[in-house]
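Below you'll find only one chain, the form predicted alone, shown as structure tokens.
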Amino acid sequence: MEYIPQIVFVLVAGFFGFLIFRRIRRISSNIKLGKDVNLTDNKSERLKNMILVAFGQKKMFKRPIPAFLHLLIYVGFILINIEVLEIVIDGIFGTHRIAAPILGSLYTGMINFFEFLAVGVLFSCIVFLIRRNILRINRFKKIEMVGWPSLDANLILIIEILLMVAILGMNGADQILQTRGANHYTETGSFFFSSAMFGWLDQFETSTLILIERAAWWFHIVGIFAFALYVTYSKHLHIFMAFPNTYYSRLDPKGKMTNMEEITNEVKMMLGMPVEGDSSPPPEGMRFGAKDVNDLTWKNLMDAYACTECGRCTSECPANLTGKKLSPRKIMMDTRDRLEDVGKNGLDDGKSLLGDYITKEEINACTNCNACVEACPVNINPLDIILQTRRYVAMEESAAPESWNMMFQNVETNFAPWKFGVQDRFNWSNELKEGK
């Protein structure tokens, strides 16, 4: 009977560990469906990007108030989970606050700091719930946020609030049990924030208080395990994916488009220009552009899993602001949804990313301005997916809008999008010379 709590703890931890491992393997397998692209150059610059953008949240501070609250949640949740390490050790070995006698007064200071962060997380989560559900900030009301995406965001905030309350309740009950001389409750010193709960907790008998403390302890650790599993199905996967995503983000200038090497080489050969690398023509049956997720690169697919659904990209998109259907956030959410469906049903399910998830009307509305890329706090590139799907429409289906086809023809014949010859390109300047 003495070891039953430890056995139960190990079984619970093992159960969640197995589910999390299986889910991570599925996500990794889905990302690997993408085409290979080499993003291993300039490691120092990539590491700098990851530290500044993912860990330092550099791009978040373009909007300082939500950025500060988000940082409070982020730092608070990470540091508070240091206490989870002690809980795990206690759960495995059947101890209670094993670090308290070792660290002494330092332990008291650490827990007080963790409680301060817990209160900060509580405050921030409440503010974010108000912003989403009462103030109803415009970027949280877009069509792609109806239903599960909105519920998902609220669930995470509520779960974080409950976990923080559990920490404070556990610490408050623990301190009272220390003063009553209850078995196994090590002296830790006073904790400022949880001490505020004494008036409510002190009315309970010792046996009831032990039950409250143990219930809060189990709720917190099982809640952490469940939270870790849940985020792998949630948009909050960006908590982890932001780091590799920013590390592997493009280092080229944002306005630079990635050309198809096979097409570029063919055009150079037609013009008699030197060709670098492989000069062979495109292989037979090669698909130009992207119709489905396996036509995109693995980095595009990683972008989809790293999307925070914050809507900053959509709120900056000029097409969306003028009433067009294009939403860069929806592009990323659709890509992730397609990836999940492919992971369950395979690629041959009669569907494709372009057509069943993303429409031609959406991608044709894009102005290629890169506002979405600049706005994203974790360096996601929705424009790259838009460009690749548009390439498929233009080159494989020959279904580009008529106005585009005219422009393409003019570029091919006149080396400019306008319908007049090269020799007439500067005729407009004659009027200036004549003083008209």
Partner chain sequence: MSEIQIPTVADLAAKGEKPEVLFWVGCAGSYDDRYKSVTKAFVKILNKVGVKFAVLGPEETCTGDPARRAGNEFLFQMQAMSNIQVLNGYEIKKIVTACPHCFNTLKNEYPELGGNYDVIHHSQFLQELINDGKVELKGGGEFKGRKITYHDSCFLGRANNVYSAPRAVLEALDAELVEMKRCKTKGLCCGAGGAQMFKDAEPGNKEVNVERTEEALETKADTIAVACPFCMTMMSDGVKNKEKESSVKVKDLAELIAESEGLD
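Residue numbers count along the first chain shown, from 1. Rigid core: the largest C-alpha set superposing within 1.5 Å between the two forms. Because the structure is predicted, anything quoted here is derived from the model rather than measured.
Keep in mind the form predicted in complex with the partner chain is missing from the figure; the text below concerns it.
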* To do: Flag this candidate site as yes only if Ile263, Glu266 and Leu321 all have a heavy atom within 4.5 Å of the partner chain in the predicted bound form; otherwise mark no.
  => yes
* Partner-proximal stretch of 382 to 390, 43 to 51, 66 to 74, 25 to 33 relative to the partner chain in the predicted bound form, 4.5 angstroms, heavy atom -> 382 to 390
* To do: Decide whether Glu316 counts as a contact residue for the partner chain in the predicted bound form under a heavy atom distance cut-off of 4.5 Å.
  => yes
* Closest heavy atom of Met241 to the partner chain in the predicted bound form, within 4.5 Å or not? -> no
* Does Phe21 make contact with the partner chain in the predicted bound form, using a 4.5 Å heavy atom cut-off? -> no
* Asked: Does at least one non-hydrogen atom of Ala416 fall within 4.5 angstroms of the partner chain in the predicted bound form?
  -> yes
* Within 245 to 276, the residues that have a heavy atom no more than 4.5 Å from the partner chain in the predicted bound form -> Pro253, Lys254, Gly255, Lys256, Met257, Thr258, Asn259, Met260, Ile263, Thr264, Glu266, Val267, Lys268, Met270, Leu271, Met273
* C-alpha of Gly421 moved at least 2 Å between the shown form and the other one on rigid core -> yes
* Once the two forms are fit on the core, has Cys369 moved its CA by at least 2 Å between the shown form and the other one? -> no
* To do: Please check if Gln409 moves between the shown form and the other one, taking a CA shift of 2 Å or more relative to the superposed core as movement.
  => yes
